[in-house]
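Before any questions on binding or motion, here is one chain by itself as structure tokens, the form predicted on its own.
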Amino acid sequence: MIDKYSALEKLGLYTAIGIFLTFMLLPFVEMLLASLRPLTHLFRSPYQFWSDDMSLQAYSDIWVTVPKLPRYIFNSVFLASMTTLICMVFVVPAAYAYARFQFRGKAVSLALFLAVNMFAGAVLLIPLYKLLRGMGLLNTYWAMIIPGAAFLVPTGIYLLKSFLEKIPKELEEAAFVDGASRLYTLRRVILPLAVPGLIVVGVYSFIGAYAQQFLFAITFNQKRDYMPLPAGIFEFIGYQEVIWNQMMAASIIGILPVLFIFLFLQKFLMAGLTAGAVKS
């Protein structure tokens, strides 16, 4: 499709893409460079993009500065994994119902589900706090898992519904003729064909759960043993100074799990996104 453009149009297109990627990736590049610089050289003038005094010292010092850092990293991965698991448990049957069944209020209920994402998490913090306190879930993992899943399930339903609608109904009808139940057909016929869509929803849920931990953690949890990494990074902020290079090093380590998951599942993720993008 790119061959249809003239040389000048291609130049403009690639220039626009280059500018976009520069603004997207430059903060991450600077974060990496800041983690390699000594603390005393972070704000020196004139600015140097690269210098000879860079090292990995901050990556070794962070484990001494914040002894619970391994616990925080584990908590972040655990919370995101549990939130993703709960999302998939609710998303799969709900998306299948919306894709295959016709019932009164279908469009309205789906719109109400999606309307949940129109509200910022901060708007609902007080009612969520009262609800979790009444359930006795404050200062537990569940205080961060349940709200996280509640915000991610609606979009997950919408994404998977679009993918399931592309699977031919004739496959289910053939299974029904052979005597298969609805649940058996979903498990043995539909889900194997929906693997790319499931991966898209799973990756979206994991990244979303990983990214939204900070707000829920500082509001619903006061125990350090349950703190995820975004909240634990606060320990690099002292009374006299902020240990910026170690904070950036911890942030780099914090994004590695999501980066590895995305790189490992990139092929399946792109296949799922493109498969659900066109309606047959």
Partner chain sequence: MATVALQNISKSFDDTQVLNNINLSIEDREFIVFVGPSGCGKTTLLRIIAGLEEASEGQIIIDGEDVSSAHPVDRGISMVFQSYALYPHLSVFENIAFPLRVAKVPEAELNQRVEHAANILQLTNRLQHKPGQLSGGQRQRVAIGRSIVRNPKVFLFDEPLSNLDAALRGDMRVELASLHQDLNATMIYVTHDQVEAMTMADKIVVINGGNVEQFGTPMELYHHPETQFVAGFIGQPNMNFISSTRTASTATNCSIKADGIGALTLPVSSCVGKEGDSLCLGIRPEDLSLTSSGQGFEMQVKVLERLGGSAIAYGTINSQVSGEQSFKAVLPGDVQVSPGQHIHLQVNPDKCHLFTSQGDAMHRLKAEV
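Numbering follows the first chain given and starts at 1. Predicted model only: the values in this text are computed from it and were never measured.
This next part talks about the form predicted together with the partner chain, which is not shown.
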{"property": "Candidate from 199, 110, 171, 88 lying within 4.5 Å of the partner chain in the model of the complex - any heavy atom", "result": "171"}
{"property": "Residue (of 141, 129, 74, 176) lying close to the partner chain in the model of the complex, criterion heavy atoms within 4.5 Å", "result": "176"}
{"property": "Candidate spot 184, 189 and 192, all three touching the partner chain in the model of the complex (heavy atom, 4.5 Å)", "result": "yes"}
{"property": "Contact label in the model of the complex: residue 180 to the partner chain, heavy atom within 4.5 Å", "result": "yes"}
{"property": "Candidate stretches 163-171, 204-212, 133-141, 94-102 - the one whose heavy atoms come within 4.5 Å of the partner chain in the model of the complex", "result": "163-171"}
